[in-house]
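As structure tokens, one chain now follows by itself in the form predicted on its own.
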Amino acid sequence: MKVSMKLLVVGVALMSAILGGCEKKEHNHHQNSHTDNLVLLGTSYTDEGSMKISLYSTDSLYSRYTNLFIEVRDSATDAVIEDAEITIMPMMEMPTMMHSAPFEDPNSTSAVNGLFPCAVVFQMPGDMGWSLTVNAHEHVNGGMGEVTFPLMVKNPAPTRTRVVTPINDPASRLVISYVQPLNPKVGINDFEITLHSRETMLSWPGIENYTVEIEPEMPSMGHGSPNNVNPTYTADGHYKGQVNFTMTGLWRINLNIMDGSTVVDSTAYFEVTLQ
């Protein structure tokens, strides 16, 4: 009888340990679930050591408009910090010069599902040279600091960012980046691009007063498509409209960009292939 009671106690203890372990694993998985579908680009502790910052993306980095996500944790407790002011600065270091890129800081001090969304338009590829500096000021304990992540940026196929010389301002540069559709279909698709100008090597502000006309064509068939909606400015250099693909195959979306009645560029285009 004593042996049976002892076995029962041991069995209960083992079951509790197993269930406790499962609950802990499930809890940890839940804590990290907001990054399950993202690619980790790097993790580093801030220079003052109070925060651990991780940088994520939806994919490897390419020369295009790129959504990035920043996670901030307390370096002592590993708890996710959801109230912080985050700013970023992309930089490309070349043999003879350095320049930044168009970017969008997180638009809120409150995290979205544990992450601070931001974006960078990498206007050129680079196996080496690109970096992203993240400055963080968390509001609960007042911690401040920064980290810098080295980045590798590949060249996409087809091209998703074009840097052109504006006809009306030869000393400047115009960065045109394709945003969507990412998964084009036959029929009407939402179409979006970004427009940024080079103000200085460190400043690439979004343009808000241009007119954009689109002309889709199918080079192999010699025709275009009806019912397209020219993109118009929304915010932060973004222009949104609609493009109509009437059949599968390779399409070219030609862009005509105007500043009032003055042509800025009529050479840029993006190619889209529908399967």
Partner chain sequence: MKALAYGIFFTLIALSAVSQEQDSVLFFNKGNITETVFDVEEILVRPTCACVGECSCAMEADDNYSENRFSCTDAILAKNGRIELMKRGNFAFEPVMNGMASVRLNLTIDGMQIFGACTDKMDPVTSYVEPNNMKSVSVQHGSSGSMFGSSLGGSVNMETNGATINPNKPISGEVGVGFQSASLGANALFSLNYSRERWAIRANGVYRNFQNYRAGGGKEIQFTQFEKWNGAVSAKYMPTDKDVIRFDFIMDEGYNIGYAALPMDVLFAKAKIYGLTYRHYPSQTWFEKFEMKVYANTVTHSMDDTKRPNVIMHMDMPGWTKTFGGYADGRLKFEKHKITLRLDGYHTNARAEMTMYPNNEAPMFMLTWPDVDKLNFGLFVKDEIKFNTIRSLSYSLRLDYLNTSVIDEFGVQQAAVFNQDVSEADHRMLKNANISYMEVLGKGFSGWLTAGFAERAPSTTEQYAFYIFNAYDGFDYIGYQDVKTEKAVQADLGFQYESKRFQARATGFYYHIYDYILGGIDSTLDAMTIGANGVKVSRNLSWAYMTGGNIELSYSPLKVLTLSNNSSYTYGNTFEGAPLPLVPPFKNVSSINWSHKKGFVQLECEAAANQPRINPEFGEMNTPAYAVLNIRASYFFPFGKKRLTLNGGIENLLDNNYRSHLDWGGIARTGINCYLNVSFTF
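Residue numbers count along the first chain shown, from 1. Please read all numbers here as calculations on a predicted model, not as lab measurements.
One more form of this protein should be noted, the form predicted together with its partner chain, which is absent from this view; the next part is about it.
Full three-residue contact with its partner chain in the model of the complex, heavy atom 4.5 Å, for P226, G249 and T273: Each of the three qualifies.
Close approach of T232 to its partner chain in the model of the complex, 4.5 Å, heavy atom: Looking in the model of the complex, residue contacts with its partner chain do not include T232, since no heavy atom lies within 4.5 Å.
V112, heavy atom within 4.5 angstroms of its partner chain in the model of the complex: Judged by the heavy-atom cut-off of 4.5 Å, V112 is well away from its partner chain in the model of the complex.
Contact of A76 with its partner chain in the model of the complex (heavy atom, 4.5 Å): It does not: once its partner chain is placed as it appears in the model of the complex, A76 has no heavy atom within 4.5 Å of it.
In the model of the complex, M218 touching its partner chain (heavy atom, 4.5 Å): M218 belongs to the contact set for its partner chain.
Its partner chain: the contacting residue among L182, I188, V140, L202 in the model of the complex [heavy atom, 4.5 Å]: Among L182, I188, V140, L202, a heavy atom within 4.5 Å of its partner chain in the model of the complex occurs only for I188.
Interface residue in the model of the complex among F69, F245, Y239, Y65, criterion: non-hydrogen atom within 4.5 angstroms of its partner chain: Going through each option in turn, the one that passes is F245.
Partner-facing stretch of 57-65, 204-212, 218-226, 44-52, counted where any non-hydrogen atom is within 4.5 angstroms of its partner chain in the model of the complex: Contact criterion met by 218-226 only.
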